[in-house]
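To begin, one chain is listed below as structure tokens, in the form predicted on its own.
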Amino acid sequence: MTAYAEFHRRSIQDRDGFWAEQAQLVDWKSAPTQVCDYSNPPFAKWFVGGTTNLCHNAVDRHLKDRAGQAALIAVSTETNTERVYTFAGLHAEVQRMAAVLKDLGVQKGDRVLIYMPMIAEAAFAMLACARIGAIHSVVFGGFASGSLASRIEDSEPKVIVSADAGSRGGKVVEYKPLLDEAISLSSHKPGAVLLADRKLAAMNIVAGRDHLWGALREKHLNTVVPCEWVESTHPSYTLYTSGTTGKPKGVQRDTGGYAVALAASMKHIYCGNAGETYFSTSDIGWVVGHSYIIYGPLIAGMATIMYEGLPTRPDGGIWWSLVEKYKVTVMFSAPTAVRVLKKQDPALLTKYDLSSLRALFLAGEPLDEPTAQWISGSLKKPIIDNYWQTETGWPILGIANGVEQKASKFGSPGVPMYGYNVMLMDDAGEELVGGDKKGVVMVEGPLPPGCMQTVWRDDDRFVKTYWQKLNGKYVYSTFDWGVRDADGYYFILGRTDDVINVAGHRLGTREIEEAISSHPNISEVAVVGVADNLKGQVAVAFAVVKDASVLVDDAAHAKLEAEVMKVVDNTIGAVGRPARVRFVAVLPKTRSGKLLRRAIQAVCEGRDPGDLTTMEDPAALQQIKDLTAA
């Protein structure tokens, strides 16, 4: 077994040789002629000249040896259903979906927007797009019409795949009205809408545009749709992520590099083997759902569990019951979910046979040490944190136990993963050498396979947002502060920009501010992320009101706060709703007019706000102090 330090060193110093070996983990129709083309930095093209297909690697290639093995296990505690699809069954359903999409006019390179709950049909749609060379864009089902409309406008889908409704905590969430409103708001109109009817809510069907999946599926029960072999650099999907500006960025992913990165990560990081079961508790609307519910486990020949429901319903043991029932070997969740489970009956952790489980991986937000210690002591299994982003598609920092068994450190996601040349940079743009120095976590280009190619239709934004020059080389910014200890382990300290992490969901404060400021009684607003024991962070808004009577009338304050919350719900979705909206006469700013967000955040968290010599009106911050102390 190669020591990990040498494994990582080779991935940086013999980049092409290293990745040529990893490329053997996937099937190619035609072999790549060049491993990495970095002739136009910071843009990297991986496995140039090779042709492949994500759906083939996830489904078709397993038919020879494991056609009858479970591939997709769709569990819903909301509808009390469990469906198990073998690789052969999944293959058939994906071909039916692919045939329907082709009937609706979808061709190679067309976009298909998927706005669905966590049901099997969503997986069929993603894999069907990959099968025919279409580019899918999955939008989280918790987003409201305004957020959905902006994504429709940017991706310009030929077809939208959706459903009548989802369900959360036993409460039906209607998707179709939200989708109809989003289409009306968007300047781009899809050619067709394909709908899965779960019989949870009545649907208003638009003649000529809307089609029911069930009826069209019946026409293609035996249709054969071969895989479309695409260039390695062909986009597989776009996934929108919040930024410091209101407009979300469409992270564009390739095909060949992504397939190789996922196959390698399943072997080296997650240690998942063909024939076993993988359970990621995420949602397909997020990057974890793309990489480690749909593509990664299936590429590795594993069964993957797709779960619709809460971790506490019917009780806090539901996830552990699934581990026992399906003999889960690898599980992936988020620190927020663990903190929720910590509040449940501890007996539920010993009620089920968890002997199949080898490790629990956590990501999405910083893992605090008390939470890590509690779940480690309760499960008596390795707890392995890892750190990555929508932009990278797989871990930047972690533990690669498939290469060398390495100890986890509570509070740290680990060491740089192979392919990532990670560094820390100070405010002056100088690299920090040695341990225990705080800097921004950066990665020297090129980014390894599987990372974003660019921002969808906006190369300029890709370069300006993420890259800067250091000693003549391009370096990628994660926008996260970090510290590296003497052993090379990193500790993530939080964002450098105005993005907050609420229960693993990345939200741009600008998006929330724009929603709140659309209320007629709000003239100005600042949103900050505030530390929270359960969710890691929550959004708190401070808004300047036009009608000052709200400031002295508690009933009017409560009424306006409820109205503002509803505006956010309708514009972004409940996922973007602030924990509190506080109303003030003025916001703290510098004399040059810049909002003092850091000072507001510090006051909310009971910390010293630091140097305030440039503040225009000290009373503005005092007002926030008084509100948060009340």
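Residue positions are given as counts along the sequence shown, with the first one as 1. Values in this document were obtained by computation on a predicted structure and should not be read as measured data.
The form predicted in complex with ligand AMP exists for this protein as well; it is not shown, and the discussion that follows is about that form.
Although the partner is absent here, Gly257 sits far enough away that none of its heavy atoms falls within 4.5 Å of ligand AMP in the model of the complex. Of the heavy atoms in Tyr295, none are within 4.5 Å of ligand AMP in the model of the complex. Residue contact with ligand AMP in the model of the complex: Gly316 places no heavy atom within 4.5 Å of it. Residue contact with ligand AMP in the model of the complex: Ala363 places a heavy atom within 4.5 Å of it. With ligand AMP omitted here, the record of contacts in the model of the complex names 501-509 of 91-99, 402-410, 501-509, 306-314, defined by a heavy atom within 4.5 Å.
This chain lacks the partner; the member of Glu391, Glu121, Glu276, Glu514 within 4.5 angstroms of ligand AMP in the model of the complex by a non-hydrogen atom is Glu391. Between ligand AMP and the residues Asp164, Asp110, Glu228, Asp480, the one pair within 4.5 Å by heavy atoms in the model of the complex involves Asp480. Within 4.5 angstroms of ligand AMP in the model of the complex, the stretch 479-497 places a non-hydrogen atom from each of Asp480, Ile492, Arg495, taken in sequence order.
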